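In structure tokens, one chain follows: the form predicted alone.
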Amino acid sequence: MAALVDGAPEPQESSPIPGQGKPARVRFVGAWWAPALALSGVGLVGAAEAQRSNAGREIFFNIEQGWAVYALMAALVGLLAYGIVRHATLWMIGKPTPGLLGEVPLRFRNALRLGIGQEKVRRDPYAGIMHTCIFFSIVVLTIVTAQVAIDDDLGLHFLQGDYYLFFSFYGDLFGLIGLVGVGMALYRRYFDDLHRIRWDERVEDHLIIGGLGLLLLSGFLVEAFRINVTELEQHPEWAKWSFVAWGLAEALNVIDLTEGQTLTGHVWMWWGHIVLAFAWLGLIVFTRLDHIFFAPVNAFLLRTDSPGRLATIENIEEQEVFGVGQIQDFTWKQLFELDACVRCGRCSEVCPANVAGQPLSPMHLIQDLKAHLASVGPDIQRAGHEEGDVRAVSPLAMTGEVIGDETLWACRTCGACMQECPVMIEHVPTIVDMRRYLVMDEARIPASAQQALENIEMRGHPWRGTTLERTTWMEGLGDVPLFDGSQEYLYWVGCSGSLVERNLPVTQSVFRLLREAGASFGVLGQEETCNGDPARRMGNEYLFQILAQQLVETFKAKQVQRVITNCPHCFNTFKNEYPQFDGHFEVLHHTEFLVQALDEGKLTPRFALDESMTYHDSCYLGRMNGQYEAPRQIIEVIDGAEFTEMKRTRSKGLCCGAGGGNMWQEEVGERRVNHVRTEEAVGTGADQVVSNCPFCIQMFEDGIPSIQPEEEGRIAAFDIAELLERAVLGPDGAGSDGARPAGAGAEAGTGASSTGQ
């Protein structure tokens, strides 16, 4: 076997350091990598012997590469270039995407954190570990392969001595890590009962994960055949650094292959590994494996403003088409997102409409648009080049046939899909853009939603048939100050806070707490009107812009600087969308103001509430604006409150079902979303479900009798301001029973307790 390693560099002793007995370079390696060697089964004594040798080997050993490898490389590069051009030409039929050149440092951080760092993937811990193993295995093994090519092609020969041994170790280590990731993927796909990965299963999915597993295994076998011939007998201390391949090489000895069979096996396995590697990389062009590149790019392109802000239609009165009716009406960034989708199903798994069995799966919506783009995109390109009618190209109406009306109207605009998407697709703006086309171009809208929009336009609020006035909630409160510009805050009550009977007590509780805290505030009273949020979410952008511009002018005329809102939807609109119309105000949700007042000692809870409660995160305060802590901090200071979280909570909370204009629509599907969420609240065993949104309160009030038909023991829905008022002002202040001074007896308890579920 000595003849087989002819040409390999002879081991040479390095000059030892006086008094140490080993080279300085070896001491560095021994200090840092001895623990890793112990873990890999390599003895420290053997490691020391190996480190005293100038280890090395011929890179390709008995392989004659010839022109074949270069031909495969050229074919791969050409294929990847073709794939990029093919995709890019379809993206470019979309409209320009403004604003992508701003905040470049933040965009690069997003690309690193969300794209390469896979932050959103880690929201599913199992998937996070799996993807991390596979990702870093691919990265490190690519570096390993590149070093082999550089060492050979450029004649640098740096894979020698201690670094060669370390190189052998981390190459095997990350190959093994990759196999762990592949094993986890195989288990989840074929043995774990996770149905979402089978919603749109294709042959390519098996090729991707199976091919990667075979690629890693074949790499170990190539190394095992080489070690069996070159190192097991002459340099076993070198072989053990490639600890996985060394184990396989020892196993080959059991088979007792002849020298010729081993050499032939090495050649066949090497070429099989190379062909498999190029074939697997070629899948990038034709499969969802392209997300390796598209995910970091889409993270770079991700919006840098609030996820609760929808884009405005500029110069709306000059537009020929409102919203998106055909595929070319999307921006090129939205078309790029279609190719980024990996069909993982995380968006559909958390979508409240899909959870309730309603006709919306965000994943399928994106995939249907992607298929439609591939179908009609080339014809649109040709029609554009020939100056033809690009709007007459498609045989199908995108809104209505490719994507059904009922699919678009089922969306709650809650943002759960965007929160979970690991490749940063923004589904909600895409859906709302198509709604805009339905409403403003086609006049296709559910009758009940149309009534709400007509009511907003004619009466300034969406509530048809209400007998309440904007000032009804003021009855019995004494002198309610009207905002005249001299006060610090405008207390914005909103349509639901003043015109829905269940929400009047909430508005009154906030008012009393503001007064108790000594806040300088006033209200608009009869001058209030809808701020346009329902109109924008339901697709009537034209009506929204009229309302927004009018209200911005009113606020400026009254010198409004700071606003406190009851409703998270109003909060989001004022904070994130009114700046589009030069409406720049400091906006607080009432929970944020109340926490400040508690921290500053302006409000002091003096009464205990011996009640158990759970908390529902409203989408537009939590997920869209990141405020999860203020409501929970209020619960914590209420003496005697026993707090239990729901199963889905914080950024993973489930929508109540009212968002996206669905408060005024008839739901189509197996169940109502508010019934699903109410079941989760009831499942905690709490006496009360607490929220911070008038829509959420209404949806729970509707859902509770359906889930708990018997009144006895029925859970009750409250706004958090109602509870805090009882804790601060007592039963007389809120007009309810059951509150008593904190510390009035041993049974009063010592504070809020928190239990998770």
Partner chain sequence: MHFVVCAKQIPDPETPPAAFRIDEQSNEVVPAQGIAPVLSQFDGMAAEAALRVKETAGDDTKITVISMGKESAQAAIKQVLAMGADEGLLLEDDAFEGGDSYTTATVLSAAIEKLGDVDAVFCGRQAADWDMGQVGLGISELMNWPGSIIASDVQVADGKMSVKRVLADGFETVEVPMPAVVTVSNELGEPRYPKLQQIMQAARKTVNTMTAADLGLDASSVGAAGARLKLERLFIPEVGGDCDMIEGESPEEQAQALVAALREAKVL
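Numbering follows the first chain given and starts at 1. This is a predicted model, so every value here is computed, not measured.
Omitted here: the form predicted in complex with the partner chain. The next part is about that form.
*Asks:* Given that the partner is absent here, state which listed stretch (479-487, 450-458, 269-277, 293-301) has heavy atoms within 4.5 Å of the partner chain in the model of the complex.
*Replies:* Of the stretches listed, the one contacting the partner is 450-458.
*Asks:* Does the partner chain come within 4.5 Å of any heavy atom of R464 in the model of the complex?
*Replies:* Yes, contact at 4.5 Å.
*Asks:* Tell me, yes or no, whether I316 is in contact with the partner chain in the model of the complex, where a contact means a heavy atom of each within 4.5 Å.
*Replies:* It does: once the partner chain is placed as it appears in the model of the complex, I316 has a heavy atom within 4.5 Å of it.
*Asks:* In the model of the complex, does S509 have a heavy atom within 4.5 Å of the partner chain?
*Replies:* S509 lies outside the contact set for the partner chain.
*Asks:* Against the partner chain in the model of the complex, would A81 count as a contact residue? Criterion: heavy atoms within 4.5 Å.
*Replies:* Looking in the model of the complex, residue contacts with the partner chain do not include A81, since no heavy atom lies within 4.5 Å.
*Asks:* Which one of E553, D610, E469, E406 is close to the partner chain in the model of the complex, taking close to mean a heavy atom within 4.5 Å?
*Replies:* Contact with the partner chain in the model of the complex is made by E469 alone.
*Asks:* Of the options D441, D379, E259, D192, which one has a non-hydrogen atom that comes within 4.5 Å of the partner chain in the model of the complex?
*Replies:* Filtering the options by heavy-atom distance leaves D441.
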